[in-house]
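One chain comes next, on its own, written as structure tokens: the form predicted alone.
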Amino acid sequence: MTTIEEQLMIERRGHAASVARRRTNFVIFLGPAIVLTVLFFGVPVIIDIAVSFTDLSRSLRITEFTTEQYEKVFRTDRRLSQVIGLTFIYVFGTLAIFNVTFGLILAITTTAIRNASGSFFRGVWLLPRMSPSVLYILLWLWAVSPTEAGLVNQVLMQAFGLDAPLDLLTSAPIALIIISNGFIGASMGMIIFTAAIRSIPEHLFHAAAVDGAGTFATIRFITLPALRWPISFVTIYQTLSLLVSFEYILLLTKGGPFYDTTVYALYVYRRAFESGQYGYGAALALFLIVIGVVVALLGWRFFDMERLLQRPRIEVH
């Protein structure tokens, strides 16, 4: 065997070993994620689609396969339009006021002060997120209690001379669920934006100060452009999270009074597990899946997230 043939044989063996190594790495690192995605997302979606074409109810018996559940969605459920409108207000209000805007304000504020003070403030703000949901809502129920023992009523009656206690659970339930969820959601944005701000090269801020840029000019021309991708990620992720989460609303207002704070995800839960309409709940849940996919794709397109995943044009060896 000539030297050239030996070299070709070695190269082929090396190529085969490289391909086998890549496949092994794929199985080791991505295999568990793929299995979990199929088991906890793919299979439930298939089951949901199947159940939505049945008349499954509290009896847990299927007597026929039908499209009746989808006819209810498009024709007979008059409350659905109200629920969808409320969901839009809830998601947009919580996202715009707290999860993105307030989280960004917290990040900029805590990174502008001393590291120790900023870290302490961020740690305190994270306490509600680290607390159990039930404990967090119990504190809110005490704060907005419609009696004189409620924290808000104590402040209003003693400091501002209010004559009678307010019942915010009845008079302003939508604002209440937005604020209570927003305090939790803002902490995630705060952490992500803080990490992004810390990664901005320090010399850019020094150069801006030398050029005479003030605080707001520095934020506008240096900080905010560097936060484009983190803001895009938080917006998309938190939008999807708000669409499917309802535990704080269920604990705080139970979706009431009546259906005034029943968002779409909670409406699906109430129809399926409180009313026993499992087939109809499955049909509603399928639309929630479709809405989530559409929102994710629109966010991906609107924020041009594909550019974030492009390979760098300059390779460093």
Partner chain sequence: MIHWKIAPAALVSAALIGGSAVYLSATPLLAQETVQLELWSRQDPSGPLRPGNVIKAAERLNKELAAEGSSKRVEVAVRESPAKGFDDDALQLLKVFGIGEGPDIFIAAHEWICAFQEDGFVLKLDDYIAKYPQHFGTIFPSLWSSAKCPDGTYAIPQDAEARMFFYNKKLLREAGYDTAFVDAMPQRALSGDLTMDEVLAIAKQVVDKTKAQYGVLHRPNKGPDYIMVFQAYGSDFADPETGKLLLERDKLAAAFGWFERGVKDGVIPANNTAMEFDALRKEFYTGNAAFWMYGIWDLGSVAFPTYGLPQDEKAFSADWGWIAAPAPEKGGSPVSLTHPIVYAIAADTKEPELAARLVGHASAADLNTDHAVTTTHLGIKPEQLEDPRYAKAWPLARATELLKITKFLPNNSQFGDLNGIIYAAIQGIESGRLSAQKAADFVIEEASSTLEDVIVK
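Positions refer to the first chain, counted from 1. Bear in mind that the values here come from a model prediction, so they are computed numbers and not experimental data.
Note that the form predicted together with its partner chain isn't included here; everything after this is about it.
- With a 4.5 Å cutoff on heavy atoms, residue 76 counts as touching its partner chain in the predicted complex.
- Under a 4.5 angstroms non-hydrogen atom cutoff, its partner chain in the predicted complex has residue 59 among its neighbouring residues.
- The closest heavy atom approach of residue 275 to its partner chain in the predicted complex falls within 4.5 Å.
- Although the partner is absent here, residue 146 sits close enough that one of its heavy atoms falls within 4.5 Å of its partner chain in the predicted complex.
- Contact here is defined as any heavy atom lying within 4.5 Å of its partner chain in the predicted complex, and by that definition each of 72, 170 and 173 is a contact residue.
- The stretch from 287-295, 43-51, 59-67, 27-35 that comes within 4.5 Å of its partner chain in the predicted complex, counting heavy atoms only, is 59-67.
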